[in-house]
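One chain comes next, on its own, written as structure tokens: the form predicted alone.
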């Protein structure tokens, strides 16, 4: 029994390492032309990505050795910091594209708080759901306090505006509520109540409407969905085996953000159906393994944390791939572990490390784990 407890889940670790390693070749190819145009150095973006990958891999192994229960001690600090960062963005955030203030820039360092916030919220929700287990179906003492945290975070992110990330956080939170046996009636009423606000928000944001209309034009054969059309062309060029690493035509000047939001199209073009299948297989193994871990973990906090991490990463991957294949409108979500990026790689890697640590302790009963790890002040902490 002890041998099983101390082993990390290789079915979670290996797919992530494969995806991260695969990203090096894809990002190098997809970013070289754009890097040369922007800075005159074709390898600049790749070197930045390589540094972040090395940091990310190091964080995976570091966090896999830190007992995940220590997160309970800092959950209020994490949640408070998350809200402060989101409020700061509304007044002093660095403007990105389409008027969205999603980045905090300090010198040459850029930080996107949303990547941190979604996991800070998850830690808080997982803890509260485990503490409120016996009365989570109660509207006033169980459900509404949890919903309050979700709505505060989602609203602040939506105001940036960042509708896609707000949607991912909202959906993943409600999936976690469902697993924790929150009353479906409460969740349905919440969603119905929010529909008018969602519709008004979408209509009031021209960039969202443009993406919807462009998607409609693309699916009906129009010419306005430029990015989607170029992404689909990339997949068509790839065929079964692809045109080969570094030989993409779309990456040169046709497909904007080929190393970021639409990197999956470059995978399809250069590595073909085989490369796309590999990426799908790795994400599939990761998601199934994470959900299985959540199911077998005896500690409720670990169970909900594992489910939430798997859901967040899985949803981001699925949404990005659906966008790249023209299944849904453009959202701005990156492909975890493959897209060029800084904070997304860093925080997703931390989350995978936490997931691996949960896997080493999945067979421990909750009482033993909490007694060994947390002091009486934390154990007896009153519910929020």
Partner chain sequence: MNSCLQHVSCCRQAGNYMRERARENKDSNTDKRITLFIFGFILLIAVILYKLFTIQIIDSARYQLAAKKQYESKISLKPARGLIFDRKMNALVSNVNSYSFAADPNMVDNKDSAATIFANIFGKDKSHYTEKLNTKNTSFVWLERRIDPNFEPFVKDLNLSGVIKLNEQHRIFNYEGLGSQIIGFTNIDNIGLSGVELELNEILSGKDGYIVMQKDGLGRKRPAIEYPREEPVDGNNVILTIDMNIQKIVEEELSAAVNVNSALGGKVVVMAVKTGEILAMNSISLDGSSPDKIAVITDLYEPGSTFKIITAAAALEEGLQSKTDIIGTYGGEYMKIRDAHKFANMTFQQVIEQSSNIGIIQVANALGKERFYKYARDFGCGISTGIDLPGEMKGRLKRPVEFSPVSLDYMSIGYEVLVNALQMTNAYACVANGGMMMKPFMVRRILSPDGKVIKENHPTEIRNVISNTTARTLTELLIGVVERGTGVDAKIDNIKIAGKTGTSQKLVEGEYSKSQYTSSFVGYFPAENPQIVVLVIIDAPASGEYYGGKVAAPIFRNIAKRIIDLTGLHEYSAPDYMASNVVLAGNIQQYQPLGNNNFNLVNFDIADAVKILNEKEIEFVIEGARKNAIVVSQSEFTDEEGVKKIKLVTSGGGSVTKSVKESAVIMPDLRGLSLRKCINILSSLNANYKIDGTGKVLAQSPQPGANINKNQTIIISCGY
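Numbering follows the first chain given and starts at 1. Bear in mind that the values here come from a model prediction, so they are computed numbers and not experimental data.
The same protein also exists as the form predicted together with the partner chain; that form is not shown, yet it is the one meant from here on.
Figure note: of the listed segments 190 to 198, 119 to 127, 298 to 306, 75 to 83, the one touching the partner chain in the model of the complex, with heavy atoms no more than 4.5 Å away, is 298 to 306.
With the partner removed from view, the residue among 250, 165, 227, 160 that has a non-hydrogen atom within 4.5 Å of the partner chain in the model of the complex turns out to be 250. Listed residues 151, 280, 202, 139 were compared with the partner chain in the model of the complex; 280 is the one with a heavy atom within 4.5 Å.
Although the partner is absent from this view, residue 89 stays clear of the partner chain in the model of the complex, with no non-hydrogen atom inside 4.5 angstroms. Taking non-hydrogen atoms only, residue 206 never approaches the partner chain to within 4.5 angstroms in the model of the complex. When contacts are judged by a 4.5 Å heavy atom cut-off, residue 259 does not count as touching the partner chain in the model of the complex.
Put simply, residue 326 is close to the partner chain in the model of the complex: some heavy atom of it is within 4.5 Å. Contacts of stretch 314 to 340 with the partner chain in the model of the complex, defined by any heavy atom lying within 4.5 Å, are made by 314, 315, 318, 321, 322, 325, 326, 327, listed in sequence order.
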